[in-house]
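Next up: a single chain in structure tokens, the form predicted on its own.
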Amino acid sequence: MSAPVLILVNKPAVGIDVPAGTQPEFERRDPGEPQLSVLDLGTTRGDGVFETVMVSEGRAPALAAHLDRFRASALLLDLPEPDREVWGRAVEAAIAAAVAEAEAAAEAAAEPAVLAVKLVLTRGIEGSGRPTGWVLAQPARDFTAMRREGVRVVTLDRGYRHDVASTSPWLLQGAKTLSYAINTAAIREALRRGADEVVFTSSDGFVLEAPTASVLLREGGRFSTPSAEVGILPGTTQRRAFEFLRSRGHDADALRLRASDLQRADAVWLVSAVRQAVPVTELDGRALEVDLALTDDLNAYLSARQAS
């Protein structure tokens, strides 16, 4: 396996000057060497945001959407606005270097490697007023078996009403932050209950999202996903899934979905950038239909090489 490629972003935000006026906007660094201060607020408090971009055949199909969401998350946290042009160039540099590394390691002999490229922006060292940013590109975990075999899911109450994003914006619902302790705790609870994954619901009975994925339902011939109005992360992969479904003549809408809608669904998928579309085989102990043909076609579309 090729080594990860680390790009340090020296100009991570609008209005931030490059240090000392001599360093480039971004530069490649050794991921095996120390790069991050232990005083960085991203480390001490999880005070930052991130995005993970899937790269297939050297291209990132949804990069523009990920950069949009990266900016939106940063602004929700009152972080300096990411410099979109600099981040875009840094990601492209990371992809090019990672592809070259894979080719040098002869990993492209069979199928081109799928890469996971993570963008991270933190508030930086406390009191410095300077954010920290980096891009890390490395081969993605192989989720082929999961896409074929599916996952067992339980629903868990997130403990907030569906309108918490508007009533209590300081809870940062809808931002992709570095604070993932609750999400990982939910996955551990799912494992204790004999499942693999979680779908969160609101305290007043609305469907939200999975810890690291959007939720896609099918009832009859109609597809739906929870609306971002209920304080969840707008799904970039879910958006592309809707493009595919609509191209096939299906109705696909973002709605306020009740937990009862989820329980009535005849098929459910969890969709995310790197895992893509994973079918749910069991929901709260109830077996669900798995449409392997549609899942395969959807994943082929999600991984297709397209201009970003």
Ligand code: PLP
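Residue positions are given as counts along the sequence shown, with the first one as 1. Keep in mind that what you see is a predicted model, and the values were worked out from it rather than measured.
From this point on, the text means the form predicted in complex with the named molecule, which you will not see here.
Task: Heavy atom distance at most 4.5 Å to the named molecule in the model of the complex, all of 147, 187 and 280 - done: Not a single residue of the candidate spot has a heavy atom within 4.5 Å of the named molecule in the model of the complex.
Open item on the list: Just to confirm, with a 4.5 Å cut-off on non-hydrogen atoms, which of 73, 224, 138, 214 contacts the named molecule in the model of the complex?
Closed with: Going through each option in turn, the one that passes is 214.
- [ ] State the residue from 210, 153, 91, 113 whose non-hydrogen atoms include one within 4.5 Å of the named molecule in the model of the complex.
- [x] Of 210, 153, 91, 113, the residue with a heavy atom within 4.5 Å of the named molecule in the model of the complex is 210.
Open item on the list: I need the one stretch from 62 to 70, 259 to 267, 246 to 254, 37 to 45 whose residues put non-hydrogen atoms within 4.5 angstroms of the named molecule in the model of the complex.
Closed with: One stretch meets the cut-off, namely 62 to 70.
TODO: Check whether residue 166 has any heavy atom within 4.5 Å of a heavy atom of the named molecule in the model of the complex, and answer yes or no.
DONE: Residue 166 lies outside the contact set for the named molecule.
- [ ] Answer yes if any heavy atom of residue 183 is within 4.5 Å of a heavy atom of the named molecule in the model of the complex; otherwise answer no.
- [x] The answer is yes: residue 183 has a heavy atom within 4.5 Å of the named molecule.
TODO: Examine residue 236 and determine whether its closest non-hydrogen atom to the named molecule in the model of the complex is within 4.5 angstroms.
DONE: Judged by the heavy-atom cut-off of 4.5 Å, residue 236 is in contact with the named molecule in the model of the complex.
Task: residue 271, heavy atom within 4.5 angstroms of the named molecule in the model of the complex - done: Yes, residue 271 sits close enough to the named molecule in the model of the complex that at least one of its heavy atoms falls within 4.5 Å.
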